[in-house]
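Take a look at this one chain, the form predicted on its own, written out in structure tokens.
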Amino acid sequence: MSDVYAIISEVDQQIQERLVDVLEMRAADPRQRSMWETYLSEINFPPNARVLEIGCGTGAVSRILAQKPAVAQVIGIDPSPVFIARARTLSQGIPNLSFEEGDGRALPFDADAFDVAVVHQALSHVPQPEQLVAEGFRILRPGGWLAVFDGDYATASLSTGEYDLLEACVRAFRANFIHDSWIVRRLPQLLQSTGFDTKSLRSHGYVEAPESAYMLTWVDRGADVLLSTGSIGKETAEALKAEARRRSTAKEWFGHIAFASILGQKPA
């Protein structure tokens, strides 16, 4: 089954618009923002830095980057025209931020054009991720930084005990919305083989409890996948969604995933 994000430019516009809301919900989560700020704070931005976010989605991280004191310009690029349209709307009034539609594996920029490139929760959705990392290396100036942050989706779980039925939704979510659940475990090798000197590799644990917000979308999307593939019937799909909401309302919810960040520097 294909990762929807991996073929996002081919996906029905209505589905893309629903995913816009999911991305902004995730961006509004203070626990997510805390992880983002932690790894972004490790980047050594030079004065008047020119920054590129590859796979920017609706531009939540780009908006943070544009407010960094040393940053002169931020460009976000994403293959989804729907995401880019929303990113432009949400960034109105930020003069040093712009967005372009494009594929991170074939960037429309000259070599040595940026000081920093950020790939935030995007690499796990990309077929041939080595091409995107190679493009990041190409467009960075000598001494420039590549920062990658993504989920270790192999660790994702909503289970509160053995044989928890919500785990079927998690597996279906991974199959339909994540291209590579194991990508963070290969990040050091991937960056080093491209030519980067790796400077920092950190794990960021994320727990959503005792109520749910973002992770509830995993259940909804996973149950919809199971229904659409004939694995379960409509009543079962609705029952799984209802159980997830019951746990959240009763403050019995628990969800966990590990994230990881890595910084790579292009040799001077």
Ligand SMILES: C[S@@+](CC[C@H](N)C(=O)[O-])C[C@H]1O[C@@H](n2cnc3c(N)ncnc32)[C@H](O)[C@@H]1O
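Residue numbers run from 1 along the displayed sequence. Computed from a predicted model, the values in this text were never measured in an experiment.
The next section is about a form of this same protein that is not shown, the form predicted in complex with the ligand.
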Going by heavy atom distances of 4.5 angstroms or less, which of K68, R26, K241, K199 would be at the interface with the ligand in the predicted bound form? R26
Answer key, the ligand contact in the predicted bound form at 4.5 Å (heavy atoms) among D103, E100, D152, D164: the residue is D103
Should Q121 be classed as touching the ligand in the predicted bound form when contacts are defined as heavy atoms within 4.5 Å? yes
Heavy atom to heavy atom, is P188 within 4.5 Å of the ligand in the predicted bound form? no
Although the partner isn't part of this model, could you tell me whether A223 comes within 4.5 Å of the ligand in the predicted bound form, counting any heavy atom of the residue? no
My question is simply whether L52 lines the interface with the ligand in the predicted bound form - judged by any non-hydrogen atom within 4.5 Å. no
In contact with the ligand in the predicted bound form (heavy atoms, 4.5 Å), from 189-197, 155-163, 140-148, 78-86, is stretch 78-86
